[in-house]
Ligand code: NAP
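Okay, here we've got a single chain as structure tokens, the form predicted alone, with questions on binding and movement later.
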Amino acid sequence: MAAAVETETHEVIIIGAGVCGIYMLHRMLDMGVDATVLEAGDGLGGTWYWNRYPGARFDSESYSYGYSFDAEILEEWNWSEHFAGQPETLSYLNFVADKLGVRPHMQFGCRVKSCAFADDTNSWLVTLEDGRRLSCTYLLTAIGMLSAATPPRIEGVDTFAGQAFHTYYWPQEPVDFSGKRVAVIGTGATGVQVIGEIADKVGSLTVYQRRPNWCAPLHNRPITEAEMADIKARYDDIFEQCSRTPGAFLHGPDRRSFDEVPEAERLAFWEELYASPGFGVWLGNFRDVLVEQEPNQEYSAFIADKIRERVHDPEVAEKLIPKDHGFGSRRVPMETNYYEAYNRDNVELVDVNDTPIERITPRGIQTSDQERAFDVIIYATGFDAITGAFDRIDFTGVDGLKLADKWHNGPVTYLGVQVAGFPNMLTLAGPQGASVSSNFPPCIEFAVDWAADLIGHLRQRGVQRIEADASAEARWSEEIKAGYEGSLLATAKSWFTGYNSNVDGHDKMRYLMYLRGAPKYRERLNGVAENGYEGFVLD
């Protein structure tokens, strides 16, 4: 007879050791809660652990991306660049974890298979893929919004004889590109970063593009010692500024109307935005550029001319200019030398709308017109965003309700933090919250603090169970949908709106995000707490 599997018990289990999971664990331990983190990777960092591809870096300023809650961390850590690369960011997160002393409470190599709620004990049973079992009163998900990579649906992907990998699963050992024939499939944000970084390091580079994105220059540069000292002296102002903007970035909209600014002044302003670092080119514009078609069309034409200026071949330039959506209606990839890559003799752009990819072959990639041979194929084919990581875990709530079934047509939540039918589970970085549509760390700090206060409230009062009320959940769904009205984001097919051609059923609009801005989201959640956590049933 097989021995019974022992169950490891904690009051709180957090799934994921990324930016969110690290801070949530710190808050729980600080409150004296018995908590552990389960992390699929062999190290902490989440997004910054897995995404090791060349060119991976912030598109928000480093000093606005880091945690704000600890004065010693702010004082001791020095950023080397205005937009830090993946190695530095991973080092930062390891530094924070060690500074806070949370690493001993993390368990690595733990891929969660299923989570089932036990109605009789008001507890969750968590089963790992290796067969281990753990139980907890409160299950907190910090599984990341871009952590479920989607491989391409192309015949023959397993037949290629060379190196091939999705950018999310980039090898930990260095990849030697010198003299190699390299293909990149995909020109989303990841592909844009990779292409700009490796174009001058490979023998040849062939880019397979289905749909171009509007991209803008990052304008990254090193941070001098004097600049870092100045940043440290201004941290309070920096985080205060982030707290006021809709996206929690340093960049907020210009409140002037597009129509009230003379054309010459408008063009000069746009030139200034294009020459500035970071998301100002997207989020620092006239507000109506992201809301109304006419201003957006004019700004899109301005950016299109910039692409034509930077790409020497007019035919290639036109292929790199989006025709199906306006600038900023999808998340804007920030690039370094991306467009200049296409001016190189060793770089070729293949438009798969003209010559579709038919299959991957042992030698390379076969399109409708020819087969090209490669040594390395890089799949920059993106993610099953926001809900994908949830779909890969079998969550079972009250009366056998499956989360995957409830979310079949799109996520349904209350406040983006809980789901009716799934008591004692808090979705810290899940769908329909503000963190997935904003600068992640500032928003996740608020979400974690709010959730920690909620757990403190429950523990203080001896409450054993909390569940979102179904009617409150329905009202929140309507509130989420209303936020999409009047936004050009709702007009474009992107992961913002739930589209992904590599995932079954994701060929339609899904309401994944809270789009009314981080300040309004904080106000909304604080109001719920002040009114005794209205919309939740506390047992």
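Residues carry their position along the shown sequence, with the first being 1. Values in this document were obtained by computation on a predicted structure and should not be read as measured data.
Not pictured, yet referred to below: the form predicted in complex with this ligand.
Screening 31 to 39, 497 to 505, 66 to 74, 467 to 475 for residues having heavy atoms within 4.5 Å of this ligand in the predicted bound form returns a single hit, 497 to 505. The single contact residue among G144, G196, G382, P411, judged by any heavy atom lying within 4.5 Å of this ligand in the predicted bound form, is G382. Think of it this way: in the predicted bound form, this ligand has a heavy atom of just one of T89, T187, S437, T387 within 4.5 Å, and the residue is T187. Using a 4.5 angstroms threshold between heavy atoms, R103 stays clear of this ligand in the predicted bound form. Contact annotation: G252 falls outside 4.5 Å of this ligand in the predicted bound form, judged by heavy atom distances. Using a 4.5 angstroms limit between non-hydrogen atoms, E61 is distant from this ligand in the predicted bound form. Using a 4.5 Å cutoff between non-hydrogen atoms, Y511 does not count as a contact of this ligand in the predicted bound form.
Shown here without this ligand, the chain has R330, R331 in 330 to 348 lying with a heavy atom within 4.5 Å of that partner in the predicted bound form.
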